[in-house]
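The chain below stands alone and is given in C-alpha cells; this is the form predicted alone.
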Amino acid sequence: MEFLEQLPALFSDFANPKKRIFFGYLALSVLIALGWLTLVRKTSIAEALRRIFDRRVFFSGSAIADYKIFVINRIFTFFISPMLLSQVAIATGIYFFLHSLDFLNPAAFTGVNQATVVVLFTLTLFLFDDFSKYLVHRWMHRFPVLWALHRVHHSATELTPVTVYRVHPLEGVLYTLRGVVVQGVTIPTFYYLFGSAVSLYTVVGVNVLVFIFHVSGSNLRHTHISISYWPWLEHLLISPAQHQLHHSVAERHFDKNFGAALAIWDWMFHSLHLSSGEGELVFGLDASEGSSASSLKTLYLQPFHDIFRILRRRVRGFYGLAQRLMTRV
C-alpha cells in the first residue's frame, strides 16, 4: 500500500512549475508550435495539429522507452536523493571559508539598494547555473567515461518533451550534484556580501529567468517541431532547432550547441551552430555506436560495460608504461 500511495509522486513533475514538463509549460509549447506552423510555415490548423501530435513520434519505440525510463528514474530518485551531497553542507562550508578571508568583510555591500541586490542575485544564479550546465554537458561529450552515460540520452531516435528525462541514473546524479554546488556556492556568497537584502525574484516559485525560458517553449527543444530564431538571436539563445541539431547524427553537427538556455557559451567557446539552411534531421547515434533506442536492458547496463572496458584499457596502458619504464632502469 505504501508504494501505491507514492504513485502520484512519480508524476508530480507535471504539476510542479519548477519542472520543465509542468503541464502549463507543455500547453504553452503546443500553442507556440501551433502558431509557428500556421503563421510562419503557412500550414492549416488541422495539419499543424496532426504534425504536433504525430502518433509515429509519440508511440515510437524510442518514445515509449522515454516514458519507461521516466518512471524508472523517478523511482530511483526516491531512494538516492537522501544520499546526495547536501547543499546546506556546501553552503555552510563556503560561508565559513569566506569569513576566514582577510580581504573581505561580512555584509560589505549592505548599503546597496535591495532591488539592485535582488536583480543581481537572480541574474548571477541564472548565469552560473546555465554555464555549469553547458560545462558539464560539454564534458559529457568530451570524456569517454561520461559519454558512456550521456549516450543514453542521445540514443533517442525521436524527440519528445519527456526525452529530457531520458538519462542514465548516474548522469542524473551528476547533474543533481551540479545544481547543489551552484546553489551551495552562490547563495552563501551573496548572503556574506549583501546580508539580509538577498532575495530571488521569482514567478510561481521559479527564478523569473528560468520561468521565461520555460514559458517561451523550452519543451520544444526535444520535439520534432523545428523552430528557428533570427541568426543574431541564435548567438544569444539556443533555439529549439539548434538543440535538435545537437541530437543530429550528421557529422557536421557533432559537438555543437551544448547550451541549455543561453547560446553565448557556445559562441564564446566555438561550439555554436546556427540552424539556418538545415534540412530534415535524423536523430540518434552514429551507426558505429551500435546502441539501441528502445532496449531498457541496453540503455541501463551498456554504460557500465563501456565504463569498465574504458577503465580496464586505461589501467592496462598505465601498466604497460610502468613496465617499459622499469625495463629502462
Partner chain sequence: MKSLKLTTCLVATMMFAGTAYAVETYGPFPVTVLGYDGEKENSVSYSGQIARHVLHDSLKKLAGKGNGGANAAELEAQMLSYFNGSETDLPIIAPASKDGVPVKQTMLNEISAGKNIAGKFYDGSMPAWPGEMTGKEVILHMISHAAKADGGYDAVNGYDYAQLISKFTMGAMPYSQAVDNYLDEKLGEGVKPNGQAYKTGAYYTGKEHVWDEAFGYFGAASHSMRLSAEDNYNVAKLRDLGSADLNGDGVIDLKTEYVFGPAYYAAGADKSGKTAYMETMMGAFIEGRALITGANGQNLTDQERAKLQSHAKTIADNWELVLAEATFKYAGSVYKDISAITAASSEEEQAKAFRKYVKHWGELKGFAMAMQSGKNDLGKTAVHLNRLIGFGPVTLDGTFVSGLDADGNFVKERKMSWNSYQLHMLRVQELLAKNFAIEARANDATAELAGLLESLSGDGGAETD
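Positions refer to the first chain, counted from 1. Because the structure is predicted, anything quoted here is derived from the model rather than measured.
There is another form of this protein, the form predicted in complex with its partner chain, and it is not shown here; the text below is about that form.
Contact check for Lys18, Val198 and His214: all three have a heavy atom within 4.5 Å of its partner chain in the predicted bound form. Comment: 121-129 is the region of 121-129, 248-256, 224-232, 67-75 lying near its partner chain in the predicted bound form, near meaning a non-hydrogen atom within 4.5 Å. This chain appears without its partner; in the predicted bound form, the one residue of Ala241, Ala148, Ala156, Val167 with a heavy atom within 4.5 Å of its partner chain is Val167. This chain is displayed alone, yet in the predicted bound form one of Val203, Val112, Leu104, Leu236 has a heavy atom within 4.5 Å of its partner chain; that residue is Leu104. Taking non-hydrogen atoms only, Leu209 never approaches its partner chain to within 4.5 angstroms in the predicted bound form. A residue is said to contact a partner when one of its heavy atoms sits within 4.5 Å of a partner heavy atom; Ala260 meets this definition for its partner chain in the predicted bound form. With a 4.5 Å cutoff on heavy atoms, Phe96 counts as touching its partner chain in the predicted bound form. Contact annotation: Trp139 falls outside 4.5 Å of its partner chain in the predicted bound form, judged by heavy atom distances.
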